[in-house]
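A single chain, nothing else alongside it, follows as structure tokens in the form predicted alone.
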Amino acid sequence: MKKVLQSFFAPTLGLVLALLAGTTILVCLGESSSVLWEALYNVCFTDFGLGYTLFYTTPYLFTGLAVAICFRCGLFNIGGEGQLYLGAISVVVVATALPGLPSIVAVPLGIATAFLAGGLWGGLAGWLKARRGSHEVIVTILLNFLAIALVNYLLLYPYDNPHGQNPETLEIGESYRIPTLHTLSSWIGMPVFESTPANVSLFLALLMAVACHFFLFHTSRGFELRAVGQNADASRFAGIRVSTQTITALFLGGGLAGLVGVNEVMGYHYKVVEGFSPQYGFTGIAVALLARSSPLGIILSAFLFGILQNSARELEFLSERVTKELATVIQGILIAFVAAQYYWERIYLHLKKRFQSRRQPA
């Protein structure tokens, strides 16, 4: 219990300091200090606000896991943005090619296609790293540009929606759509999250977090992947195929990022809209770092980032002085304070050491 409390000290201190910093900025702008707290209350404790918070939490869960599983293998996956774009467009491609499938087949097919598309794109970076020695950071960044350019071409030309005014694809059929949490809760007679886009892909994201934890810490393959991340040379001498684990980690990371397409296409827009991702892939890096690459810890970390994402939108609505850009700045400050947990831990350990030294008898 003592270790658990210590692990919560740093993020809690960071969150408190972040809230104080955000409140100070609002006061300096002439805004009431209660606006930030009202925004946080609305996004956490109201039916509408919590629904949107859970909706934002879902892609952060996927991208956080995509980064974390690569971190465990000693790899830095910055390609989540391109991987999730390909996962999203792949759902539209398969739904357009096979429109007449029943839901019991179409939904699993759409999920599998999104995972496979993102996984192959991530696996390509893994192959270049393992076989050609290319640095995964450079490769995944460049693949982001290629993926986004390819998706933009597909939504503007082959899969363009002729009835839409904005750059977007055709809508997927009803059989490929997954229910919202409001629809699901209405089936059991307890309707919640009305008029929000939160959908059952949240449960898929939670399932993936549990599956990643089991894979990493309770399977031999997961042990080998983590061993490579700890020491690739020692793993190679122990008979572990480092190249195979490299490709596997980036394939799994890409597949997890590709599942963002399930949330966005199968559960919300029902099509790919240009620029639908507010940098989910890059924010997933911060989500994974805050959780220390723990798949179960990412559940809490992603929820926190979902709160921050939603509170920025809520701040803009509640205050006349807070613009969209300023709300993003405040959100960035909150993220910076919370993510600086290692610095707060050093302060905690320093204060603890000084306190213990004073208690010792001379």
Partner chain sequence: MIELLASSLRLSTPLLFAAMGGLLCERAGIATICLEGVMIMGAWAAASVAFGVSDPYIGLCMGILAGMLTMAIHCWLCVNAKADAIVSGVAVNMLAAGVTPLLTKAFFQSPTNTPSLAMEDRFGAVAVPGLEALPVVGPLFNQPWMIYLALVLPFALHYFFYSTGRGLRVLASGDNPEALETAGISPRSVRWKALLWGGALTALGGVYLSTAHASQFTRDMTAGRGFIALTAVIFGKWRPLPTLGACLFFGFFDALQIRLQSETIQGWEVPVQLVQSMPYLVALIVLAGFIGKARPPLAIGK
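Numbering follows the first chain given and starts at 1. Computed from a predicted structure; not experimentally measured. Note that the rigid core is defined as the largest set of C-alphas that superpose within 1.5 Å between two forms.
Not on display, but discussed next: the form predicted in complex with the partner chain.
Novice: Examine residue 27 and determine whether its closest non-hydrogen atom to the partner chain in the model of the complex is within 4.5 angstroms.
Specialist: It does not: once the partner chain is placed as it appears in the model of the complex, residue 27 has no heavy atom within 4.5 Å of it.
Novice: Contact between residue 142 and the partner chain in the model of the complex at 4.5 Å, heavy atoms?
Specialist: Judged by the heavy-atom cut-off of 4.5 Å, residue 142 is in contact with the partner chain in the model of the complex.
Novice: Please run the contact check for residue 132 against the partner chain in the model of the complex: heavy atoms, 4.5 angstroms, yes or no?
Specialist: Yes - in the model of the complex, heavy atoms of residue 132 and the partner chain come within 4.5 Å of each other.
Novice: I'd like to check something about residue 157: if you look in the model of the complex, is any of its heavy atoms closer than or equal to 4.5 Å to a heavy atom of the partner chain?
Specialist: Although the partner chain is absent here, residue 157 would touch it in the model of the complex, with heavy atoms inside 4.5 Å.
Novice: Report the stretch among 70 to 78, 92 to 100, 168 to 176, 263 to 271 that approaches the partner chain in the model of the complex to within 4.5 Å, counting heavy atoms only.
Specialist: Stretch with heavy atoms near the partner: 70 to 78.
Novice: Quick check on this chain: which one of 185, 161, 243, 152 has a heavy atom within 4.5 Å of the partner chain in the model of the complex?
Specialist: Contact check passes for 152.
Novice: Which pick from 299, 312, 322, 50 sits with a heavy atom within 4.5 Å of the partner chain in the model of the complex?
Specialist: For this set of options, the contacting one is 322.
Novice: Look at residue 308 and decide if its Cα position differs by 2 Å or more between the shown form and the other one after superposing on the rigid core.
Specialist: The answer is no; the displacement is under 2 Å.
Novice: Core-aligned, does residue 26 move its Cα 2 Å or more between the shown form and the other one?
Specialist: Yes.
Novice: Using the rigid core as the reference frame, would you say residue 54 shifts its C-alpha by 2 Å or more between the shown form and the other one?
Specialist: False for residue 54: its C-alpha shift is below 2 Å.
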